[in-house]
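For reference, the chain that follows is the form predicted alone, supplied as structure tokens.
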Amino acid sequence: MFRNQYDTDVTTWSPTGRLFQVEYAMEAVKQGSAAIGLRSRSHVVLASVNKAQSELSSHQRKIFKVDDHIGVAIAGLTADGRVLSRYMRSESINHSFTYESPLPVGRLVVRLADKAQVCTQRSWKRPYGVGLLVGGLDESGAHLYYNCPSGNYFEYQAFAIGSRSQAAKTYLERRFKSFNESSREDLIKDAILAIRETLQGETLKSSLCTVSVLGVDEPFHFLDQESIQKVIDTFEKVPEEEEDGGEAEAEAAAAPAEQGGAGDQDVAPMEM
């Protein structure tokens, strides 16, 4: 990305048919902390990386509750994400008050996309620099959508956005065929494993990620740190046990060799 004469205004087209301001907003999404979403027939799991600006500061929240049946995870400018999550919450409350029924997830996503698209054709506005993973459950089942700063939206079985999200996408692409029939616990485990892929060597701890769940007869809520750590322990301790077993076998194999070596000390070496 570099500055040129066609990126000073969001309504200015380049000769190649590009809107650079929109592309810059999409680039801001790639620079944000990773966020991941997965869905099955009955549940949706949203997860995000807790990344602080410095060791002296706390991390900013990346997952927000919209309603009991809708949640959103963001990557990019957190301030823009807060504004849009507040808008979504307002739309959901107004719909519930007017129609006395929960707002369908798809309808909310369309309204959100329309709001983002307006910012791409007004010279006095700028695109929202945030990507949103909207997960929800309605009469037609569980849904997971990605809303782009350009105003586009797509429905996914599983998706990852933000910094180093490609590694998480690779993991999800290997596993997504089983997600539709996955249980709640398996979805949570896969979400945490996908988060681990984005850390690239950094040790995964419960303090480094936030996980939320919603499903049939289960309103949107966050998992506590203890529950997340228990899931992490199920796959983080297995390699250690295998290593311990391997070391024990190596020691057992070395013991007879040492005994044999001790018995041969009085034997004259063979001439070569």
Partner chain sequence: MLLILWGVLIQFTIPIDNGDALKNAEADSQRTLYPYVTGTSIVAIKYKDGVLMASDMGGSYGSTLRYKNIERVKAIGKHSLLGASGEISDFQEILRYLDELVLNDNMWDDGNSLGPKEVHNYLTRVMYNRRNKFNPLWNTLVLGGVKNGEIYLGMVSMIGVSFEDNHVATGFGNHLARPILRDEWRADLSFEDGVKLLEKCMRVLLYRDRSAINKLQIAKITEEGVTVSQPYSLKTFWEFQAFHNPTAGAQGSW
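The structure presented is a predicted model; accordingly, all values stated were derived computationally and were not measured. Numbering follows the first chain given and starts at 1.
Just so you know, the form predicted in complex with its partner chain exists too; it's not on screen, but the next bit is about it.
- Its partner chain in the model of the complex is not approached by residue 151, whose heavy atoms all lie more than 4.5 angstroms from it.
- Interface membership of residue 124, defined by any non-hydrogen atom within 4.5 Å of its partner chain in the model of the complex, is ruled out.
- Not displayed here, its partner chain is kept clear of residue 173 by more than 4.5 Å at the level of heavy atoms in the model of the complex.
- The closest heavy atom approach of residue 119 to its partner chain in the model of the complex falls outside 4.5 Å.
- Here is the short version: of 90, 178, 98, 183, the single residue with a heavy atom within 4.5 Å of its partner chain in the model of the complex is 98.
- Heavy atoms within 4.5 Å of its partner chain in the model of the complex belong, among the stretches 131-139, 163-171, 74-82, 192-200, to residues of 131-139.
- Annotation: in the model of the complex, residues 104, 107 and 110 each come within 4.5 Å of its partner chain through at least one heavy atom.
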